[in-house]
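Next comes just one chain, in structure tokens: the form predicted on its own.
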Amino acid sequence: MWTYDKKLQYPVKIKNPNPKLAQVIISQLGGPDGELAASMRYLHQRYSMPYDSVRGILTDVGTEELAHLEMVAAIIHQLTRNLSDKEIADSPFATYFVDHTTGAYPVAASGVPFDMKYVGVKGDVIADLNEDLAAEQKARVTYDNILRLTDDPDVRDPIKYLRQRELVHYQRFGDALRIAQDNLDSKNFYAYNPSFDKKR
């Protein structure tokens, strides 16, 4: 199993609360391209992955996404702690606050709660790995958009770290796709399924 180190993967130390910014960043907690979706996607895809080394990549990245989920929740918590009623009422965070107070609830910035429909698991090597490559780029764009919306260095620093990890994950999944392609039957490239061989 895993060993859990009881500290964030990267420090989050935000001095200035900002509920408006929390309302945006929360998309990386429970939005369609957020860390919860990523962790669930990779940790579930690994079960049907036929190659040990690719399964290892899915496990490594999937568990790291859980650490990123923890970081994003810490960011949300620190941006919303000790807010006055007026600060809450005067921000778009007020609608979230009505339902969840300042708890870390997985929801998109648009207000749509997390849904497992965000998690692409097809059980096909090529489909799943291309899904993963696209997911990492979509997460990177979301972090780019968040960086455009804040100049607070305490927020920008961990967000930039998370964005950089999306690039690393994209590279790891590129490696995984090459490993898979090297192992696939070139005559049956897009139809890898052990049951196909039995029917011939």
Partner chain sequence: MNGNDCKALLKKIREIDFALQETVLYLDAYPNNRRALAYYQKMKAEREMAVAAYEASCGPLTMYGNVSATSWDWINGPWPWEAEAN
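Because the structure is a prediction, the values reported are computed rather than measured. Residue numbers count along the first chain shown, from 1.
Quick note: we don't show the form predicted together with its partner chain, though the next part is all about it.
Peer 1: Since the chain is shown here on its own, which stretch among 26-34, 42-50, 161-169, 137-145 would lie within 4.5 Å of its partner chain in the model of the complex, judged by heavy atoms?
Peer 2: Checking each option against the 4.5 Å cut-off leaves 161-169.
Peer 1: Please tell me whether any heavy atom belonging to Ile179 falls inside 4.5 Å of a heavy atom of its partner chain, as the geometry stands in the model of the complex.
Peer 2: Ile179: yes, in contact with its partner chain in the model of the complex.
Peer 1: Since only the chain is shown here, I'm wondering whether Asp151 would be in contact with its partner chain in the model of the complex (any heavy atom pair within 4.5 Å).
Peer 2: No, no contact at 4.5 Å.
Peer 1: Should Arg81 be counted as a contact of its partner chain in the model of the complex, where contact means heavy atoms within 4.5 Å?
Peer 2: Flag for Arg81 set to yes.
Peer 1: Would you classify Asp60 as touching its partner chain in the model of the complex, given a 4.5 Å non-hydrogen atom cut-off?
Peer 2: Answer yes; at least one heavy atom of Asp60 falls within 4.5 Å of its partner chain in the model of the complex.
Peer 1: From first to last in sequence, which residues of 70-105 have any non-hydrogen atom within 4.5 angstroms of its partner chain in the model of the complex?
Peer 2: Heavy-atom contacts within 4.5 Å come from Glu70, Ala74, His77, Gln78, Arg81.
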